[in-house]
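Starting off, we have a lone chain in the form predicted alone, written out as structure tokens.
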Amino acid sequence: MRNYAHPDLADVTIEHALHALSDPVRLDIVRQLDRAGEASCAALDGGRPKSSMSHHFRVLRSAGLVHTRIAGVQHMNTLRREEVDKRFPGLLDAVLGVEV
């Protein structure tokens, strides 16, 4: 099983982070992770196809928002809240505070 690449947040632009948060599915994933702390991909899929969810997680990882670790056959995800708050102060509070 391969490990996932996670960018250094110093290399992530605000545009990249905002793009990742602009999709309602990805925003919902980030909201759920903010509440839960850690969750498997299956717990966050909302009945969506695996291929679609793989794409969304890849976008969130490449934007530095989510960390994915492999635990046996599960992929466990966490929001990189502390790191994102340091890089983009107030971004997650602003975005997560808005209900759609």
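Just count from 1 along the sequence shown to find any residue number. It should be emphasised that the depicted structure is a prediction, and the values quoted were computed from it without experimental measurement.
Omitted from view is the form predicted together with the DNA, to which the following refers.
All three of Y4, A42 and H75 touching the DNA in the model of the complex at 4.5 Å, heavy atom to heavy atom?
Looking in the model of the complex, the three residues Y4, A42 and H75 all sit within 4.5 Å of the DNA (heavy atoms).
Applying a 4.5 Å heavy atom distance criterion, does R35 contact the DNA in the model of the complex?
Result no; R35 lies far from the DNA in the model of the complex.
Find out whether any non-hydrogen atom of R31 is located within 4.5 angstroms of the DNA in the model of the complex, and reply yes or no.
Judged by the heavy-atom cut-off of 4.5 Å, R31 is well away from the DNA in the model of the complex.
With a cut-off of 4.5 Å between heavy atoms, is H55 one of the residues that contacts the DNA in the model of the complex?
Contact with the DNA, yes.
Consider P49 of the chain shown here, and say whether it contacts the DNA in the model of the complex, taking contact as heavy atoms within 4.5 Å.
Yes, P49 sits close enough to the DNA in the model of the complex that at least one of its heavy atoms falls within 4.5 Å.
What residues of 5 to 19, in sequence order, lie within 4.5 Å of the DNA in the model of the complex by heavy atom?
Contacts from 5 to 19: just H19.
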